[in-house]
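Shown below, as structure tokens, is a lone chain in the form predicted on its own; questions about how it binds or moves come after it.
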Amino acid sequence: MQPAPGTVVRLLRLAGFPILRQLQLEEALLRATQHNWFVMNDGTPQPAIVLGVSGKPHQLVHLEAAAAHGVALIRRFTGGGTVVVDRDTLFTSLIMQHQSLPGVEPYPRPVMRYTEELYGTVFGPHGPFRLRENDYCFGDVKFGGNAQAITKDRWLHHTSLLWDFQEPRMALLKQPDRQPDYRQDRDHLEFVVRLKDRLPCRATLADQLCGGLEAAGFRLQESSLAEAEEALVANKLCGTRQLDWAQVLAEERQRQQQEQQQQEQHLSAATAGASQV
């Protein structure tokens, strides 16, 4: 699927840019500009757990342990699963006008299938690369997680790529109730793979990704952070925010207390019913 002739994509290269600010910037670029963008960020300076827009912390994160580790808890504006990110996570975001890719229907599955084709030239030489449900995988192990946001005229597809990861941080995530079929209830360490074990060089990956876009027919135009941040002023809707640990833990204690009270009430009602028989 070729882009419309002459389609320009503004390229924003970042390194060590905080993931909270990046997500807020991406949302602004989606909502408050009409340009196409490709954003790359090589690592975030502080570790964080990033939830999808509807993710429930108590179902997805070992809250006490994560708070003790000093890991930030962030809710992003897109759907998708929960990820742990840090200096060894590489981030990409492709933001497009619908009309720039007329052959790609503006729905999650067509967008993801298009990106599988787009990035296949980069990852395919290093293993059996494929899109498995919402994830980029080599065979049956995941190295990239994806999420989308789609508006009337535009869509955004962003990815977190695991160049490396710390096992204790991965252990902060719970086994989710909803998970892709191919995961087969494996824990995180059996389910994911480090890109550093498959790709020869982290430093050249960004250039390879850019080369993949150019090979697909896009014309890349370098952009500065200052130019991109103009969208933050114009954007009126921001769905990305950092959650307050004190509030999250207080709400979890309250939830547990309510759950215990309900269990006690059910037990009391069952006991009373049995005594009347």
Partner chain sequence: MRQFRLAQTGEGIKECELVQWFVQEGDEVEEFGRVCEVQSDKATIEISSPYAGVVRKLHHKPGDVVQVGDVLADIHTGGDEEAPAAAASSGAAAAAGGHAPRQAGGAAAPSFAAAGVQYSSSGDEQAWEGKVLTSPAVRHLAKQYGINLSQVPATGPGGRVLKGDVLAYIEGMGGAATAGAAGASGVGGPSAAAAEQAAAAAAPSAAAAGEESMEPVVVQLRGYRKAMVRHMTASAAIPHFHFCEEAAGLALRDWPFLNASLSADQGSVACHRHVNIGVAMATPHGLVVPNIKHVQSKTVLEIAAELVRLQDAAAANHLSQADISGGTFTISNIGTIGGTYATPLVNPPEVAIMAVGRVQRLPRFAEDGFTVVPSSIMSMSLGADHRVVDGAALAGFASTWRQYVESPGRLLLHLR
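Numbering follows the first chain given and starts at 1. Fair warning: this is a prediction, and the values are worked out from it, not measured in the lab.
Beyond what is shown, the protein has a form predicted together with its partner chain; the following relates to that form.
- Taking the partner from the other structure, its partner chain in the predicted bound form has no heavy atom within 4.5 Å of any heavy atom of residue 198.
- In the predicted bound form, at least one heavy atom of residue 147 sits within 4.5 Å of a heavy atom of its partner chain.
- Looking at residue 175, you'd find every heavy atom of it more than 4.5 angstroms from its partner chain in the predicted bound form.
- Heavy atoms of residue 237 reach within 4.5 Å of its partner chain in the predicted bound form, making it an interface residue.
- When you look in the predicted bound form, the only residue of 164, 140, 116, 105 with a non-hydrogen atom within 4.5 Å of its partner chain is 105.
- The partner is absent here, but in the predicted bound form a heavy atom of 53, alone among 67, 248, 53, 216, sits within 4.5 Å of its partner chain.
- The stretch that touches its partner chain in the predicted bound form, counting heavy atoms within 4.5 Å, is 70 to 78, out of 119 to 127, 85 to 93, 70 to 78, 202 to 210.
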